[in-house]
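One chain follows as structure tokens, the form predicted on its own.
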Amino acid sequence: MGARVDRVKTGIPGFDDLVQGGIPKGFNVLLVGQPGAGKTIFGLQYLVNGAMRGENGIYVSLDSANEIVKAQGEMFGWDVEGLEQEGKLSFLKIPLDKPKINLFDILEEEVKAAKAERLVFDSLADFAINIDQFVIPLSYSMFPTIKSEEEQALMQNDKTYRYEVMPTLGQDPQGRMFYKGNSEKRITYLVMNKLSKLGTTNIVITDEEKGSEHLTVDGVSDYVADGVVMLELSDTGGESIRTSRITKMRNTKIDTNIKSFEFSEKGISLE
């Protein structure tokens, strides 16, 4: 018998049965789809259902204003405002008009303040587009503290590191390395790594990369994520058809079949 896996129920009708009752606690689950596929509603529904179960959640947005996200929830009769006033649901809009944003420190502080157990990050695609606005402490994830220019040069030239994303480096008073300047989209690896250390169970939204060998626009997040859920929107004979498919979930026996889903009066429901 394997070790018992603690699972977090999404509460989305039809979904939890496909993943042995829920998402393993502490996982990063990548939610992939084109615009309009239902990613925001899926993520918000996950948080609302959790809040109603006594599990506080945070919706982190790099694109949509909080009011827009909340309005989508109100359309389905969810008491978003009430849950927010009770401190069970929080909305964090990252200010992309300000330079040198330390995203990781912000997330740590917000999770701690909200006592959050669930988090939705929306989205990795927006993060990649606005990468120059962020100051990213590389030592938080896979790089040690660097104390000299010689050590920095060694790190930059070391080909054993899987992702070389350090064309320009800076250093703060504590000696931590920071990435500065234009980035390859694989810098999103660092975000996924940091999210996994927050102690929350996360839905991480990103865009699908059509017509490419990669599943996602960043080309790496689906490999790093603990789980991957695809949401598809297609047009057949003038009729919009929505489907979902779970392609990956570690420590879980999953149903990988394509499932149709719809927006009911209470939100997303899988058939």
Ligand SMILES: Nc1ncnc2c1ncn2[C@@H]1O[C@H](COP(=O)(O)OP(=O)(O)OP(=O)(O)O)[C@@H](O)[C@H]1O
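Since the structure is predicted, the reported quantities are computational estimates derived from the model, not experimental observations. Note that residue numbering follows the sequence shown and begins at 1.
In what follows, reference is made to the form predicted together with this ligand, a form of this protein that is not presented.
Determine whether any heavy atom of residue 37 comes within 4.5 Å of a heavy atom of this ligand in the model of the complex, and answer yes or no. Answer yes; at least one heavy atom of residue 37 falls within 4.5 Å of this ligand in the model of the complex.
4.5 Å heavy atom contact, residue 207 to this ligand in the model of the complex: Close contact exists here: in the model of the complex, residue 207 approaches this ligand to within 4.5 Å, heavy atoms only.
Could you confirm whether residue 242 comes within 4.5 Å of this ligand in the model of the complex, counting heavy atoms only? Yes, residue 242 is a contact residue.
Against this ligand in the model of the complex, would residue 113 count as a contact residue? Criterion: heavy atoms within 4.5 Å. Contact check for residue 113: no, nothing within 4.5 Å of this ligand in the model of the complex.
Partner-contacting position among 215, 230, 41, 52 - heavy atom within 4.5 Å of this ligand in the model of the complex: Looking at the other structure, the residue within range turns out to be 41.
Segment assignment from 192 to 200, 91 to 99, 105 to 113, 70 to 78: heavy atom within 4.5 Å of this ligand in the model of the complex: Only one stretch qualifies here: 70 to 78.
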